[in-house]
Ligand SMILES: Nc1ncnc2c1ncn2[C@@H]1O[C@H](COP(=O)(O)OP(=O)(O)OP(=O)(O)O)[C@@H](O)[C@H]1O
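Presented below, as structure tokens, is a lone chain in the form predicted alone.
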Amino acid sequence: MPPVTKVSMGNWPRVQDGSSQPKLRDLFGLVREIVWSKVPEERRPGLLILIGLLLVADKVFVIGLPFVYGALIDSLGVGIELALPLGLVLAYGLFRIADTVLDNVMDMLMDRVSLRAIRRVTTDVYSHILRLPLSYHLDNRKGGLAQSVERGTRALEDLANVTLLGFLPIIIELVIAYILLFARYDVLSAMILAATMVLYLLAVVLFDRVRSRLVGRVNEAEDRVSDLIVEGLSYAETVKTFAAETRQARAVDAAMEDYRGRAMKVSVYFMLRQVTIALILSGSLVILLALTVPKVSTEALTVGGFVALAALILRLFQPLRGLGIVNRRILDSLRHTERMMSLFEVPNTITDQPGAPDLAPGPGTLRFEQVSFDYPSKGQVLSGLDFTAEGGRTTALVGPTGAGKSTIQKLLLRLYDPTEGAVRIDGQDLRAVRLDSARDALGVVPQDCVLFHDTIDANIRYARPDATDAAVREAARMAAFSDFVESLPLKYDTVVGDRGLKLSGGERQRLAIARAYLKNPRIFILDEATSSLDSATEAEIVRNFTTAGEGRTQLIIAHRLSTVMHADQILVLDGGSLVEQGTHEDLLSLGGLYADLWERQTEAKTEAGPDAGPAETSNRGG
């Protein structure tokens, strides 16, 4: 197999797997990327400076509130003019208003910073997932994958806000308040408060480390629920066919029960955490106030000073509690982002070589040079396959099930790379040219035509978004699809439903043919492109393609030998190897595998009667 290359879509830091604890460097790395974009033109240094200045101003108002309140208490008394207390009341009110206004302005400004990052990381991770090899998409369920990306993007936004507008402000506020407490009151109170902070932080860290691991397990259960729900909805027709609605609902219920059990463990730990923290903070408050009350009795401290101290302690406890909340939210955010960020570490085996050129123009000659390929789950599918399909000619691939026919199409599209040998278009190894340019040269009608939940027009136009309406209509006509579309009430604006399931198999196939034709490729690959069509429609499409494909390479993978009997070259595959090669007449005269398949299909059609459609044998797939 070719060497594995890890492709990084951006410089996003990588968090740890679900069995480990998120590290501090993960936090710093993610926050740095959020607030300081790797794209220079997206950076907003002026905005960050403004947020910093507003943050400092806000903390000044917050810390000043207890002292304004204490001064207000001391100013109250019989015979005192009202000007001073009224002024202090006004100052208190203005401080609170300023705090609220600054908080909300900073939230708004931070959104301008973080939402840019959310856009970037969502685009980066989605782009990376789309570029991963087909094998990754076949091995992973989509529900949990989508859930992890959605959960991760939400967590990134919360991570930026809670770190910059939660964690840093709280640290600043604690430092300022602690200095004031030490300066204005006594050393013992400061030491008690310091011991309280140590106990509090120790409890928070111990509880939240365990809780973070439990949250990771909850996320796994949530992804499993999403997988089951998305699969059940995506394959609703199959579920109904087997009357399996109750079975699917029970599977989701069992997954939800697992989720509930894991979530309850998180809830229990959170309850124990909160009770422990409340005991620490309440005990500290009682001790501090008990030590201060005698000072008021001896007039060593005024009533206003006592009130200010109580308010300051409570003010300190608020950021302490906030620090615990921030710690929990940061750990949760890191845990929520871990699967999404780990997607960047998924190896991509299908990549462009550095400086790879575009596929050069040519007649469209296809060349397989001693190509071998194996699927990890199926073993070897192709073995030393060697053939040439001349440009501008029609080559057919036939053979029994599992012969490797459809695998050849996947190798041409470079959905996989060969284990050995080389696949070339006009003499150029597909691994040596830019991937997008090679795929642009190919127009494919797959065996299974899956469409987008959109209009007929949008699905045809997907091959060439800038195509004119006339070109779209011509593509539909060539695919013998236009009469059907024009008969619909909404015509080309008709929505085809999820995966195109509002259309019949034959209608989806004709739409896929129209889409491939609209692309105007150098090479057409038709993988059993007419298997769901009746004989008359099939014959019309074959005639249209004969005219439209003149001068272009056509590679036809077919199980109905009658549809390829006029091909310039027929390649017969069996067991992943080329066993026969020639024209229809040449192969019949050989009396080998092709002649046997032809005889069986002819006999089956004769036995079915003159009104029967083309016979099918075990020639599908591969």
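In case it trips you up, residue 1 is the first one in the sequence shown, and so on. Quick caveat: nothing in here was measured; it's all calculated off a predicted structure.
What follows is about the form predicted in complex with the named molecule, which we do not show.
Interface residue remark: G404 is counted as part of the site for the named molecule in the model of the complex, having a heavy atom within 4.5 Å. For the chain shown alone, Y462 is not a contact residue for the named molecule in the model of the complex, no non-hydrogen atom being within 4.5 angstroms. Using a 4.5 angstroms threshold between heavy atoms, Y200 stays clear of the named molecule in the model of the complex. The closest heavy atom approach of Q447 to the named molecule in the model of the complex falls within 4.5 Å. Not one of A255, Y259 and R260 comes within 4.5 Å of the named molecule in the model of the complex, counting any heavy atom.
Partner contact region in the model of the complex: 377 to 385, out of 262 to 270, 495 to 503, 377 to 385, 99 to 107, criterion any non-hydrogen atom within 4.5 Å of the named molecule. Checking Y136, Y416, F368, F95 for any heavy atom within 4.5 Å of the named molecule in the model of the complex turns up a single hit: Y416. With the partner omitted here, the residue from G232, P169, P400, P521 that has a non-hydrogen atom within 4.5 angstroms of the named molecule in the model of the complex is P400.
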